[in-house]
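Only one chain is given next, in structure tokens, and it is the form predicted on its own.
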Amino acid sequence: MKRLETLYSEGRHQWLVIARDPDRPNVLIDTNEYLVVHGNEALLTDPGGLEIFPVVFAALAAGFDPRQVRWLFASHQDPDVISSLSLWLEFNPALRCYASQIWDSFLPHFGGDEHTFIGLPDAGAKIPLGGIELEAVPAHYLHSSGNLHLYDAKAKILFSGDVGAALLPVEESALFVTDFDRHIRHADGFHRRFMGSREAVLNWCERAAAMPIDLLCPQHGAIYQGADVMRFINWFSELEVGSGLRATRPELKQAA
């Protein structure tokens, strides 16, 4: 079963994570759902797929009042990110969902209507939460054409969606990265294939390097903390991405 764990807590402000589901079917990718709480309001990032909603909701309700979740944040449009939307709306029809504005006509296929979605501009935006502001950070083409991350300057936490994601074997279940060199091997192939633009990579790395970040929290795999945050940014900045193109371009294979 997934479990709810605290990542940050200071006064009325918290970050919690719902992580690790060893009982999930092997055909499903494991996901992390992050809950940002300030006072009596909460926002849930990338709430997950339709098929894992019962597990995510049970883990959340075991340690938190789900009625305080007022907002959802979808980094992009993938089913593992937001296909559970209809079930969240059954629980609370008043929920609002932040996402890139380019998905305004796509996400309603998962549920909701024109009142459900708050379309965010390409440049990003401030997101109010219980008296503070979070920041939607542009991460377009990493890997989605309308992709946004979520930064909390107070907690110094960046929710980075698929950036930093690692496809970990079952035996590696630690919540935090403990051996960067060992861990990054599980992120390498994913980033080479799912990230399609070097320009987008460098744009994100420059932006992230300028932020004070204590925790870099991806949607899949373990969380980077301390010096491993900058290690990841440096590693990513040097990575050749768009590996799928090489399957269609023999001359690129030879050049590699």
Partner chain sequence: MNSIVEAANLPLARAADLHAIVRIGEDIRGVMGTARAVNLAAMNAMLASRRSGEAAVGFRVAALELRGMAAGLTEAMAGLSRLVFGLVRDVALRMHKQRTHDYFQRVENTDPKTVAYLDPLIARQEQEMGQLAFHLGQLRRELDQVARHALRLCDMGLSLSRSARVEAAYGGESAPVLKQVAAHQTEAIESVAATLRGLRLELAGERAGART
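Here the structure is a predicted model, which means the values were calculated and not measured. Numbering follows the first chain given and starts at 1.
Absent from the display: the form predicted in complex with the partner chain. The rest refers to it.
Within 4.5 Å, heavy atoms only, one stretch in 226-234, 33-41, 204-212, 49-57 touches the partner chain in the model of the complex. Which?
So the stretch in question is 49-57.
How about residue 90: is it within 4.5 Å of the partner chain in the model of the complex, going by heavy atoms?
Residue 90: contacts the partner chain in the model of the complex.
Does residue 29 make contact with the partner chain in the model of the complex, using a 4.5 Å heavy atom cut-off?
The answer is no: residue 29 has no heavy atom within 4.5 Å of the partner chain.
Even though the partner isn't displayed, in the model of the complex is residue 199 close enough to the partner chain, meaning a heavy atom within 4.5 Å?
No, residue 199 sits far enough from the partner chain in the model of the complex that none of its heavy atoms falls within 4.5 Å.
Report whether the minimum heavy atom distance between residue 66 and the partner chain in the model of the complex is within 4.5 Å.
Heavy-atom contact with the partner chain at 4.5 Å: present for residue 66.
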